[in-house]
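One chain is shown next in structure tokens, namely the form predicted alone.
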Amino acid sequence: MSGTAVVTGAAGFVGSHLVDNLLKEGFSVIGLDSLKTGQRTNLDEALTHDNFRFEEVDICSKDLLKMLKDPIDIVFHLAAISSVKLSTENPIEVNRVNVDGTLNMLEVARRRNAGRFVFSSSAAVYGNPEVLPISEGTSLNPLSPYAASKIAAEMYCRSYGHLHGITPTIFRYFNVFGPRQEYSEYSGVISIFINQGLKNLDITVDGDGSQTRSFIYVDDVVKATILGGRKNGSNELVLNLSGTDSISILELAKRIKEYIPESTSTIVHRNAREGDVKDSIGSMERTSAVLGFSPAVHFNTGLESTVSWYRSRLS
């Protein structure tokens, strides 16, 4: 499968890597991003490509149909506010972007005859399940407005699949990391810890650090996301994208310090974060069976590459 793909959140962390790989695979790509958190520099390579077009636009904008006048083959919808912390501080804005924005993109897909819609959801939808690793059949239990917004968006994807024949593939991402991830108080923990270490700041662990996560490198996520977009079939798919091992947040902080031996940072603890899940590792059994995919990048290899990328940015 090739053709015309729309990527929302195109200037973001995962979105920009996805754009680069879709272009390499022969797609014509239209990238959408408001640039509120995405960085145009993430698209430096794509912007030199004849088959890439960029539109700076909010995914909730009613002007999208005017911008996207031609038929579309597939939509990769990654744009979102992905912070649990921000969702507890401003749930209305998170709902606007994550739910209303998804509905708006589904309408674009319907009106422009897109047959496929790939949606980037989150492991946050599971909450704190009793059984690990988490399978896709696990009951949904949102512990934050962010998780609730992702569940609502998933339901809209499914409804459009039933009503309008748009085949949705829903990926529940588990803690993606790698180069280009934004560094801010709302970003992923690996980005935060690495930047704190490189800047000789305190490495701040929420709570006692015993909470565990499975991390998956961005290259693996992009590969699986494209495979999901290519998958033939008329039924919706819900698939986990997770690392296969887990690590505690405290151990993660210690390991990152090892990769930054020059750092004078000290690991400190602060209050636990509201809405945070305790343990999160996903079963990849269904994803492996459906897509023939398993993560290829070892965690330590990805971590070393990520540290090197941030170090080069700060030098």
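Residue positions are given as counts along the sequence shown, with the first one as 1. Keep in mind the model is a prediction, meaning the values are calculated, not measured.
This next part talks about the form predicted together with a small molecule, which is not shown.
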{"property": "Contact stretch among 284 to 292, 270 to 278, 24 to 32, 254 to 262 - heavy atom within 4.5 Å of the small molecule in the predicted complex", "result": "270 to 278"}
{"property": "Heavy atom of Ile59 within 4.5 Å of the small molecule in the predicted complex", "result": "no"}
{"property": "Contact flag, Arg213 vs the small molecule in the predicted complex, heavy atom cut 4.5 Å", "result": "yes"}
{"property": "Interface membership of Asp219, the small molecule in the predicted complex, 4.5 Å heavy atom rule", "result": "no"}
{"property": "is_contact(Val75, the small molecule) in the predicted complex, heavy atom dist at most 4.5 Å", "result": "no"}
{"property": "Non-hydrogen atom within 4.5 angstroms of the small molecule in the predicted complex for each of Phe54, Met67 and Val118", "result": "no"}
{"property": "Residue among Val108, Val94, Leu143, Ile192 with a heavy atom within 4.5 Å of the small molecule in the predicted complex", "result": "Ile192"}
{"property": "Position in contact with the small molecule when the complex is considered in the predicted complex, options Asp100, Glu136, Glu236, Asp206, heavy atoms within 4.5 Å", "result": "Asp206"}
